[in-house]
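Heads up, the chain shows up twice below as structure tokens, two forms, tagged structure 1 and structure 2.
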Structure 1
């Protein structure tokens, strides 16, 4: 692919990610996508064979990196020979990489809003291949790891635990995304920070604080609901 064609494709992906996140798939037209990317309308079909495939590629482009980083972080935790991994270390790996991949990367919070919007849409436009190739490997790997470090956990309990952790992550991502949607000196931002002071911290510190909270909160919940069984 020539450099010019690659640049056009990336412009469309960037524009689509932003528009789909803010308006949803159905309310974004091909003409609007082309205008936002400053390219010809025909470029959408030429590079992506239509809006639906463009949507799929937007998700795949970012989530491939997210998937691989999450799995590598878990492998590092499980491969630590100095100490046996516990529930907290597994949860921290999941939360930290999720937050770094969204809040810690340009456009990441918008992408998370896109996924959240898609999850609550009546008509899903992402293919089942995305869930099989992207979501399920992470879910299976971390579910297995949690059951390994806490053998008393059953699969149905793991499902609730994972849903709770991901729900917390989405909540704190949404809070940061909301803050950054306003001007830094606006009254809205000052109100948000007064209610939740962590939002006033730099992004790296916010990620650390949120990671520590979700890890501690979720670990305590698991210890309370599903305590480790001693022989």
Structure 2
């Protein structure tokens, strides 16, 4: 056969990624995972050591690429020597890369929602490691970038601003997730779209609109609250 080398271990990871994303950790049984991967039930405990660990590895495999893409996008903006980057370009890089990573691939939004959901639950597993290795690097990189392009910003002020931006991003991701994970014709989704027409657009356009809004909104706030000191 062609791709016979798809080991059961990877078949499980793939099936798990898709299933966990769409139904959450608790609502996927080990048997369901095994069936979707065309694999025996015991495989989950043989290759990984239990359902929890499988979940854990699924999360890691996916989020590592998101982290690296975010950091690369920032470097690209900062390394653009043609013109000195401003607050807007840093924010735009953060928002755009995050949205592309989360909403760009199929099931991406579900996956990020799942992550958010599971991070606030008693499955503390090594969520601390996840936090330190995945979340913090992005946070720090963009914080220092902001400090570079707007030197008058205090660390304290940056933390508040970053929180506001990330809060907005999550919210718009959640909105898209709600639209796609529910029945498109359902009552609730209809109302949601009617009150927020951007949701009716295709995903690329939605990403563009949201990126532009968050960037404009946040940049305006920063420029107004912490204006650049003119030399």
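Just so we're on the same page, rigid core means the largest C-alpha set that superposes within 1.5 Å between forms. All of these numbers come straight from a predicted model, not from anything done at the bench. Positions refer to the first chain, counted from 1.
Asker: Just verifying the output here: the form predicted alone should be either structure 1 or structure 2. Which one is it?
Answerer: That would be structure 1, which is the form predicted alone.
Asker: Is it true that residue 38 shifts between the two structures by 2 Å or more at the Cα, once the core is aligned?
Answerer: Yes, residue 38 moves 2 Å or more.
Asker: Does residue 205 move appreciably between the two structures, meaning a CA displacement of 2 Å or more on the superposed rigid core?
Answerer: Stays below the 2 Å threshold, so no.
Asker: Please state how many degrees the smaller rigid part turns against the larger between the two structures.
Answerer: Value for the rigid-body rotation reads 19 degrees.
Asker: What is the magnitude, in angstrom, of the C-alpha shift at residue 12 between the two structures when the rigid core serves as the superposition reference?
Answerer: For residue 12, the alpha-carbon shift amounts to 4.5 Å.
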